[in-house]
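There is one chain below, alone, in structure tokens, taken in the form predicted alone.
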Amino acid sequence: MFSYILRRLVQSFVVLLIVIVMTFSLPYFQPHGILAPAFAVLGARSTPLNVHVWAVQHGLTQSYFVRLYKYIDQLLLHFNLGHSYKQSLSVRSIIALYVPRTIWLALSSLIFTVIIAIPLGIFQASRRNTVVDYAATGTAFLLYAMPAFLLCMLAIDAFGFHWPRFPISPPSGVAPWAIFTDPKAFILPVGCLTLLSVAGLSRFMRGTVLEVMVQDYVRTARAKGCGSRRVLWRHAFRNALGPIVTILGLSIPALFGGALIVEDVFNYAGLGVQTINAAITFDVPTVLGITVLVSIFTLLGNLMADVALGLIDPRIRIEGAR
């Protein structure tokens, strides 16, 4: 198991280095190239001399590889995500205020998604080709195809201005744990983010369970006299969890992407609103810092999914060791 985790750690580190290099290189492709922050800060005073002096003061005239080395060193050893010239603050201090709020929002949605989607997928598989299965499948397809902003707007119209009435926006400037002290204000954003995730996961769970139910060991269990409930939960459920664990790990970037839209629609001061504001104001260091942070969360999610998958199915560790 240790060698399996070590291999996954090395793979995640290599992927993280590739993401860091790509993220560091992106500013070179914007207008004015790497000197774009100088033009943004100086504005009308951006003469060639002023731009050069400003670039020298901030180390922008150094070679690509020297700056890349310093960027990797600051990021990995000091977790320094850069400096926002627009807000005159470090990117780490900017996003540190918003990340906990988004994490609680995404984590709450993930918990409700697992609680709803997995039993729903299993129930659909056990009632295959019935009216209940068709109704749940149609609803899942509708939610899966619906844009996030449209679902949020429909939820605001239905539950924000009609009965039952819920707050259409969480209170501004609240602490990250306000989701526990004022849960009613978070029903709509958490509910919308959960519905967006439940649709795909429940469909995947249904298909995985149906695939497992036709395996030979399930037929053997039925032949030995095991009841349908015992076969479903004792034999099919655990073997169907492997792909689901992987999907949950891969759903982390989708949760953050959905949170970006949900936070903007519901005016919730989280990482999504900060990302949109930074993109509108061309605050490139902040956007890139958030990109690196979300990439790290994604790699951590995939790593935890790989470890959990190895615990659930020991064959993965054995096959990987060959």
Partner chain sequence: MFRKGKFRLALTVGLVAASASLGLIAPTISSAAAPSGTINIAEPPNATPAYILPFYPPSECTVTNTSSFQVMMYRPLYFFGLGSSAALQPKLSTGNLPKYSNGNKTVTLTMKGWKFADGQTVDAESVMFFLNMYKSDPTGFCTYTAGLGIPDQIASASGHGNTVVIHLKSSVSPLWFTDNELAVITPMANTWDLTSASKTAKCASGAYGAASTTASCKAVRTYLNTTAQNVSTFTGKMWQSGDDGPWKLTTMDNLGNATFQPNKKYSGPQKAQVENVKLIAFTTAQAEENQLQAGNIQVGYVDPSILTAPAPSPGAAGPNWGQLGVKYNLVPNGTFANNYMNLNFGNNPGGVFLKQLYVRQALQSSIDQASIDKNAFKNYAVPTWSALPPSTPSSETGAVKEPYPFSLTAAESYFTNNGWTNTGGHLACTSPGTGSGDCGAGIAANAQLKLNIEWVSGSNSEDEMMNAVVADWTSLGISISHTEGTFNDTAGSCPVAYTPTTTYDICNWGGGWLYAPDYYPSGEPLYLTGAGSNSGLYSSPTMDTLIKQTLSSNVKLTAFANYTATNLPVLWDPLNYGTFEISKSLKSSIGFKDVLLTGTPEYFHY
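Predicted, not measured: the structure shown is a model, and the values here were computed from it. Residue numbers count along the first chain shown, from 1.
The following text describes the form predicted together with the partner chain, which does not appear among the structures shown.
Although the partner is absent here, Phe161 lies within 4.5 Å of the partner chain in the predicted complex, judged by heavy atoms. Within this chain, Pro100 is remote from the site of the partner chain in the predicted complex, having no heavy atom within 4.5 Å. Contact between Leu42 and the partner chain in the predicted complex is found at the 4.5 Å heavy atom cutoff. Using a 4.5 Å cutoff between non-hydrogen atoms, Val132 does not count as a contact of the partner chain in the predicted complex. This chain is displayed without the partner chain, yet in the predicted complex the stretch 83-91 from 104-112, 83-91, 70-78, 187-195 comes within 4.5 Å of it by heavy atoms. In sequence order, Pro31, His32, Phe39, Ala40, Val41, Leu42, Gly43, Ala44, Arg45, Ser46, Thr47, Pro48, Leu49, Asn50, Val51, Val53, Trp54 are the residues of 25-61 having a heavy atom within 4.5 Å of the partner chain in the predicted complex; the partner itself is omitted from this view. If you compare C-alpha positions, Asn267 and Val41 are 3 angstroms or more closer together in the predicted complex than in the form on display.
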